[in-house]
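A single chain, nothing else alongside it, follows as structure tokens in the form predicted alone.
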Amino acid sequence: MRFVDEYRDAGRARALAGRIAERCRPGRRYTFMEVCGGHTHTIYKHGLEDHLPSEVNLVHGPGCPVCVIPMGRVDDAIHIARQPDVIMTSFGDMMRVPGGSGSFLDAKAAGADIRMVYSPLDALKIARANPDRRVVFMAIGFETTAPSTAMTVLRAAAEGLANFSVFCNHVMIIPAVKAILDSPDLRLDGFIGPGHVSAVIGCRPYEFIARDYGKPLVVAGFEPLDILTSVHMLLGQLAEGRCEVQNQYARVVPWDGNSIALSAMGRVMRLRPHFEWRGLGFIAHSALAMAGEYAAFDAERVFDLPGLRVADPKSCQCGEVLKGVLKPWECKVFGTACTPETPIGTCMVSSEGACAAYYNFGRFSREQMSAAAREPREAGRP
């Protein structure tokens, strides 16, 4: 297949769903985690759960970059934004993420100069245009977006832009997946691996999952047939007694990753000893910071930060959703106190958040499943 429409063909989807059902062993329950929030949105938007047999259960993982940012880091960024002569720049999906003292939008309404950008290079352009202001880029994301941050810092260094810095919150997918595997809360049969991250790091870093934990992983694309094909491939491995890493998204993902992107990250950034993830706690060597050579561009060294830990609201269950322990609709405030207009947790804010995806696309699917579960009982009534 060559075109997007082909990856959304309903007839092919139904045929593939039939082959998936044939590979399910009677009485066996299969639980697969889609690591990436982009996959979660595709699943809900296109109703893929309705195409899957009841034996296959898809749960959400920690692959939403905005969702895993702890509240204390948001408060640190707002603290920077409130400093004199500072322009804070950020991707749009960070603007409404709640911290302990409000969000970027709240701080902007109170007078802080916080601007939405589409790229770190946009922040660099603002720094050039405002030499008397200190411009900070709120860098978030997995290995997908870290190379663009690294290349921007290299550009700033080459141009000698002393008024530009980065508040680095880039996280890494492999330590998070390992934390999930080591958690006693969840039993998984396999993983639908992230496509965007893998375009940078490749497939080789996942090999330990199959080798050490005995779990198959299929790197998947983001169209409906990509995900259904990946589920079919996972079931095929389990049926044949295999356990390996496969690349369904080979049209985009090279097995060994993008060497240029990895090289830029290696030059500009270093591993942190540990980093706090919302819902997962502190995970060793799971995030990136600016390397010492580029300390002048490190907002954590340019500014004095409070660095306080802030606990999530007690009613928020984003942590359980990010670990795949809960479905979004099982959270006690989902769709009532917590909506995209009034989010309590990050999973309801981000365009890749599982709660936002389910709220926008999947809540009716839950009603259909509930109705289907009632039908046999009601049919037996006089």
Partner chain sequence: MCLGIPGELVEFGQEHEDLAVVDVSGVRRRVNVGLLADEGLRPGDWVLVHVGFALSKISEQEAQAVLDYLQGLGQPYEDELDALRGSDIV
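Model, not experiment: these values are computed from the prediction. Numbering follows the first chain given and starts at 1.
The protein also exists as the form predicted in complex with its partner chain; that form is not presented, and the subsequent description refers to it.
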item: Distance check, residue 56 to its partner chain in the predicted bound form, heavy atom within 4.5 Å; value: no
item: Close approach of residue 36 to its partner chain in the predicted bound form, 4.5 Å, heavy atom; value: yes
item: Interface membership of residue 294, its partner chain in the predicted bound form, 4.5 Å heavy atom rule; value: no
item: Distance check, residue 120 to its partner chain in the predicted bound form, heavy atom within 4.5 Å; value: yes
item: Segment assignment from 258 to 266, 72 to 80, 295 to 303, 209 to 217: heavy atom within 4.5 Å of its partner chain in the predicted bound form; value: 258 to 266
item: Every residue of 239, 243 and 276 near its partner chain in the predicted bound form, heavy atom within 4.5 Å; value: no
item: In the predicted bound form, the residue from 151, 289, 283, 310 that sits within 4.5 Å of its partner chain by heavy atoms; value: 151
item: Listed residue (176, 136, 200, 97) with a non-hydrogen atom within 4.5 angstroms of its partner chain in the predicted bound form; value: 200
item: Any residue of 130 to 163 that, in the predicted bound form, places a heavy atom within 4.5 Å of its partner chain; value: 140, 141, 144, 145, 147, 148, 151, 152, 155
